[in-house]
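Shown here is one chain on its own, the form predicted on its own, set out as structure tokens.
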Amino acid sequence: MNKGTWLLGRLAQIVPSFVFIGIVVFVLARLLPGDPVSAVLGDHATDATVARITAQLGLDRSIPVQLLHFLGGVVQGEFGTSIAYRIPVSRLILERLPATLILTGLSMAIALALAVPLAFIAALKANRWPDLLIRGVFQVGLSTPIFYVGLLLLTVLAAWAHLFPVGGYGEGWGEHLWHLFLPALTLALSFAAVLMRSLRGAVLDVINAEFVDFARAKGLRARLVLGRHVLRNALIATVSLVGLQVGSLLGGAVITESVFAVPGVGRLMVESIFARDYPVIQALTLVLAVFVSLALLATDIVQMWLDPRVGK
């Protein structure tokens, strides 16, 4: 199988996943207690007003008809109008999505910057004090809840030290990065702990392999052996883990954006659930599923580059 055929096959596998996710989120949204009409009008609305708004939202139709209407809109790229915000859902998501993407990308960059060099140090100094110290510190970060880490960083570095803003998003790229650094660091600490443990184990497995001993026997410098032979092969399993953790990062963004008052899609999801805003909940779930699927596809491509046997 050539690489083009393999890539087309991977893309074709994504389509059924979207259909399944769309159906599941449609059903789960309607299993939430309460209804959007009551959330919009309150408890003192008249029966006539409730009936009129229900008809306007299309909630008076049967569930199968609503589902077909929803899936037809998704195919056309139309997610409807937000019940709570009274604006098109696509416009609302486009306004909130950049903050979450920057937050996720920044947290991933911080996690990789922490995990990769420290994993090598821990592996090369295995079972000695640098390895024990690194694993111990990361174990604390891994076992501490995200919301607690966020509140701790917010209290110490923002409220007390005044090194970072306590919330918001700012204007322009510079302010965006400055405002999002603490929430990104909050997400990155637990992510880096998982990556470090995985990469450390992979380095220990590869560093004692026969082909590494052969490279050393040829007289290659230690830096070249580590970079060309050890790192490339150790990253194969870790790259897959990075793709799998993208979903966890997006899930963690829901909590982090709420703690740091970041106007992203994670916070929007929480607000929409409380408001029973079905169109926004459905659209956000599908959009996040798209990004997770693309991240998994990207990691598969990188893995294929690292190990050509993947695409065969």
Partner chain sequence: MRVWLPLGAGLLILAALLVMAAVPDLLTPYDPLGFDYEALLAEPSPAHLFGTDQFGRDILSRTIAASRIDLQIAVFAMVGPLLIGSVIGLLVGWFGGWADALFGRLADIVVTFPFLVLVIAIVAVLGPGLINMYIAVACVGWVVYAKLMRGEVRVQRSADYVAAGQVLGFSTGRVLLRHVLPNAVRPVLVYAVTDMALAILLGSSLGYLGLGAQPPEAEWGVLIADGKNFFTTAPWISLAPGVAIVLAGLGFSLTGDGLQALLDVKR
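Computed from a prediction, not measured in an experiment: that's the story for all the values here. Numbering follows the first chain given and starts at 1.
In what follows, reference is made to the form predicted together with its partner chain, a form of this protein that is not presented.
Taking a 4.5 Å heavy atom cutoff to its partner chain in the model of the complex, the contact residue among 93, 225, 239, 142 is 142. A residue is said to contact a partner when one of its heavy atoms sits within 4.5 Å of a partner heavy atom; residue 177 fails this definition for its partner chain in the model of the complex, lying far away.
Shown alone here, residue 304 lies farther than 4.5 Å from its partner chain in the model of the complex, counting heavy atoms only. At least one heavy atom of residue 151 is located within 4.5 Å of its partner chain in the model of the complex. With a 4.5 Å cutoff on heavy atoms, residue 11 does not count as touching its partner chain in the model of the complex; it lies far away. Residues of 284 to 303 that come within 4.5 Å of its partner chain in the model of the complex, judged by any heavy atom, are 285, 288, 289, 292, 293, 296 in sequence order.
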